[in-house]
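Shown next as structure tokens: one chain only, the form predicted alone.
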Amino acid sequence: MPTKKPSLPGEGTQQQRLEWFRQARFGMFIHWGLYSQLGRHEWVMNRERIPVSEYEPLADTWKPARGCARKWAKLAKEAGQRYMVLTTKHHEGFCLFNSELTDYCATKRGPGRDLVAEYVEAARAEGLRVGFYYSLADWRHPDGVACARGEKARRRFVDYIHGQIRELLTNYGTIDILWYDLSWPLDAEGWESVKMNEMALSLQPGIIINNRNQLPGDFGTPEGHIAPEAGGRMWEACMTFNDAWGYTPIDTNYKSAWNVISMLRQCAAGGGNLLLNIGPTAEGAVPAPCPRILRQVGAWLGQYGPSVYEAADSMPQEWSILGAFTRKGDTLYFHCNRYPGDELAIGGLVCDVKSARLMGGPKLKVSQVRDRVVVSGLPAQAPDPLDTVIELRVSGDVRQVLGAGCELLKGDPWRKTEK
């Protein structure tokens, strides 16, 4: 007879632990470390094969400005973001927190203070949830590669990694998210990942854990693209503002407010979150144009927030050059990020459209012939050029089906209605 798989602490309350996260929708990712001094991407040590002896002195020259975490948190609040995730240790191995297990940390080297403690205090001051990113890989540690070649090295390194996770989840009060990264070069058994998660949940019973220690965790983390998880599983797309995570001033390919809002809409439609990265300078300044863009997004969310934060009901939908839907129950929000003028036509809606209005504005005229809906009486110019939201009240089987052909849906009764 098969034995019952032991449950992790908190496993029975996973949905309760995820409840706030499902409603948060939008978070700030912060990649910050020694690499910020070089300004050539957070993988610079690996990509340029910088030896440890040359890279390690950066730990002594790093002198971040005081108060920078408070500025990040205020900016996140202004942007409509509801949580933050900071790289407490990236692959380079330098710890932004006070660790008793190494002297390669912020309190004992150049910064001379606990940068993680400052971040936690700043996030809480703005009412934001607190997340810790922690890379399992470590390019500086002598067992970081050797752990895959011998049991003694693996034992030392895994004890070190588990010990630092314990420090992070013990020394800073309530932590909401544990965000693992880069599980190379071990597998889940080698990392003792079940034990790792059991420890995390025993120390922080309300925490949620991602899927990057080679266990499914509580949520998926598609990177650089938006991809909903199957079966309603929670997920979070992590995206860069430009094309790098760490500070890289030569990369000026920044996303616009229009791009960010489009990503938010896409994540909401799939029932997921957007974790948008900033890569501060070594001093801790957020590079231009990120603050301006984030404040534009925050102003848009101030008006249209319910169409993103609360509209997480999934529905089958097709692409359109004009925009796309989010949904909450019997309300469809059409996010018109390319404005058509005074009339909007939507094909493939196999549900009854009862009424339409500009979100927060006047009622509009609607006509419907089978699966074609025409909304008229719109202003000639877009009320909001970033994304004008139109509310449709609907009933029936809420879905959009078009396919590649132009034939009308077979078997549907012909109907024409005006509201």
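Note that the coordinates shown come from a computational prediction; the quantities given were computed from them, not determined experimentally. A residue's number is simply how far along the shown sequence it sits, counting from 1.
Keep in mind the form predicted together with a small molecule is missing from the figure; the text below concerns it.
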Exercise. Looking at 88 to 96, 68 to 76, 281 to 289, 343 to 351, which one sits within 4.5 Å of the small molecule in the predicted bound form if you count heavy atoms only?
Worked result: 88 to 96
Exercise. Using a 4.5 Å cut on heavy atoms, which of W245, Y104, F325, W235 is close to the small molecule in the predicted bound form?
Worked result: W245
For this session: Check whether R212 has any heavy atom within 4.5 Å of a heavy atom of the small molecule in the predicted bound form, and answer yes or no.
Result: yes
Exercise. Looking in the predicted bound form, any heavy atom of E223 within 4.5 Å of the small molecule?
Worked result: yes
Exercise. F29: heavy atom within 4.5 Å of the small molecule in the predicted bound form?
Worked result: yes
Exercise. Wondering, does Y133 line up within 4.5 Å of the small molecule in the predicted bound form on heavy atoms?
Worked result: yes
